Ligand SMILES: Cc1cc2nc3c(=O)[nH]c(=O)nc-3n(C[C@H](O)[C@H](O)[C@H](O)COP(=O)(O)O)c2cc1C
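Just the one chain here, laid out as structure tokens, in the form predicted alone.
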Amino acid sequence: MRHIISTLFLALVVAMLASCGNSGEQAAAEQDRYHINRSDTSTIKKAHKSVLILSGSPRRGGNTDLLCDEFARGAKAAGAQVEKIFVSDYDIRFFQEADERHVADSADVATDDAPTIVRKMLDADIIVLSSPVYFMNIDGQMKTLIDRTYSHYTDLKNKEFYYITACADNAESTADYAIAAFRGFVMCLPNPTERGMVKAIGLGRKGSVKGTAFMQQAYELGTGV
């Protein structure tokens, strides 16, 4: 009887170890699939990199938008070619079933401005994603644009990314939710590299970021492109 119990126990242990091994392999595979490289220095070996800044703020001259301007100023000082897009200036409609049907042939059948911006994203070496924090997330303008990259997201490969957020709350953890939303997009792209971020907090009033350390932080991030 003791021999039988010992045999059963040994079989159970082996099964558990095998199960753990499979789970570990599966977890490793998932980690490889959804992986974002991180680097303090550029991985793109070009003298004059192209930088696309997507300012997702609904307020021109708002805190997030001003931080984007400072990043642009720093990047230009570093010799980069910089274009800033104020997303709210463009007609970007919600993702529709037709957008998914045309993934296979990558046809841009849309009649709004989304394909124009997506093409700029494809051409850029470095992309800056920015949004104020609304209800613990990025705003609708930026999320809608991200959704509209669907037909080309696998072509957004080997890009470097920066994130810029601003929120009224004084807790830095509030900004982390918006950063997680950006990362949720970036981790689905082929071989992305995260370079840095600005998490500006305690900024409720429009323009209150002026004169703060966050502006200098954005500028210095830009100089590092």
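Quick note: we count residues from 1 along the sequence shown, nothing fancier. Predicted, not measured: the structure shown is a model, and the values here were computed from it.
What comes next is about the form predicted in complex with the ligand, which is not displayed.
Single option in 122, 85, 78, 136 placed near the ligand in the predicted complex, where near means a heavy atom within 4.5 Å: Looking at 122, 85, 78, 136 one by one, just 136 meets the 4.5 Å heavy-atom criterion.
Heavy atom distance at most 4.5 Å to the ligand in the predicted complex, all of 59, 62 and 203: Every residue of the spot touches the ligand in the predicted complex.
4.5 angstroms heavy atom contact with the ligand in the predicted complex for residue 172: No.
Partner contact for residue 167 in the predicted complex: the ligand, 4.5 angstroms, heavy atom: Looking in the predicted complex, residue contacts with the ligand include residue 167, since a heavy atom lies within 4.5 Å.
4.5 Å heavy atom contact, residue 74 to the ligand in the predicted complex: Residue 74 lies outside the contact set for the ligand.
Interface stretch in the predicted complex with the ligand - options 128-136, 111-119, 145-153, 87-95, non-hydrogen atom within 4.5 Å: One stretch meets the cut-off, namely 128-136.
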